[in-house]
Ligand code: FRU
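Form predicted alone, single chain, as structure tokens, below.
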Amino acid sequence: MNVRIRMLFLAMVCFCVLTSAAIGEEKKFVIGFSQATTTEPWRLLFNKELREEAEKHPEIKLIVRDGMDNAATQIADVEAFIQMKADAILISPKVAAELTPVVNKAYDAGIPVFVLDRDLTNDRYTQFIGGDNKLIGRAAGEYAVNFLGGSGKAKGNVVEIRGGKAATPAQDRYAGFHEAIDKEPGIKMVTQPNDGDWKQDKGYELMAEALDANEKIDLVYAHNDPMAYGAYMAAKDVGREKGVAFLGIDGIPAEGVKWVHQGILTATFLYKTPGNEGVRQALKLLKGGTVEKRVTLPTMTIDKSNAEKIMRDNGLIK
């Protein structure tokens, strides 16, 4: 009996060891992600949602790198992912031109590459995931026209604060906005659309300069919510925030939507983060599925008519 028990025990140990080894040897998909920067709230939410999605899938090993607002850093990150032979690469490029060659290199090496948020100068990658920035810019332009009096009657002095000029979202948000407002002879752009690089402090500085140079400003269009908030604070600091409409883009519930609810921003336009969708699409491909060349994320206009509901739905107010 003791021999039988011992043999049974040894068999169970062997089974457990073999099972553990098999589990340990289970292949994990290595996915590298190069983020443009982590200095903006939208980027932090982007990373949070990406990590949360990856955690749902134990077969994924996710490696996240911060590009620190520097194209050279992102190039080095992608080169490292190529060297480690990552199963897939996700990248949200700081700028298009400088990062296109290294993305092409990864793609040519047979590594699936998913470009998130900001596009490149060619389409030699597996998939692009992001919002339609021209559509969002056009929605902001149409909102501005309606706010300033309506089609054919709109009048007012407008300040535009651009995101990084070398970034494709800034280019498209500029083009879409001007498709709407350039038809209105009564709307005057009182400043050049200077580069705020998506930063709140730069939005403040550019608005301060605009206030010094112009006695009357009716509307500010900033390419993201932090720059719009910075512009509002610059106006508030000199007692000129009343009567000025501030439009932003991003629509994060705890940031842009909150500012709309508080009456700081007049409106914001949803620019959904692509992190969770990027992980889902990469995993779909790695498991043998097919993916579309482009995935366009939804948008919406957020103003006083719906900001409170969005805040409630996200548990930010009761």
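In case it trips you up, residue 1 is the first one in the sequence shown, and so on. This one's a predicted model, so the numbers in the text were calculated from it and none came from an experiment.
Just so it is clear, the following notes concern the form predicted in complex with beta-D-fructofuranose (FRU), a form of the same protein that is not shown.
None of 239-247, 154-162, 200-208, 167-175 except one has non-hydrogen atoms within 4.5 angstroms of beta-D-fructofuranose (FRU) in the predicted complex; the exception is 167-175. Contact annotation: residue 40 falls within 4.5 Å of beta-D-fructofuranose (FRU) in the predicted complex, judged by heavy atom distances. A residue is said to contact a partner when one of its heavy atoms sits within 4.5 Å of a partner heavy atom; residue 33 fails this definition for beta-D-fructofuranose (FRU) in the predicted complex, lying far away. For the stretch 93-124, the set of residues having any non-hydrogen atom within 4.5 angstroms of beta-D-fructofuranose (FRU) in the predicted complex comprises 117, 118, in sequence order.
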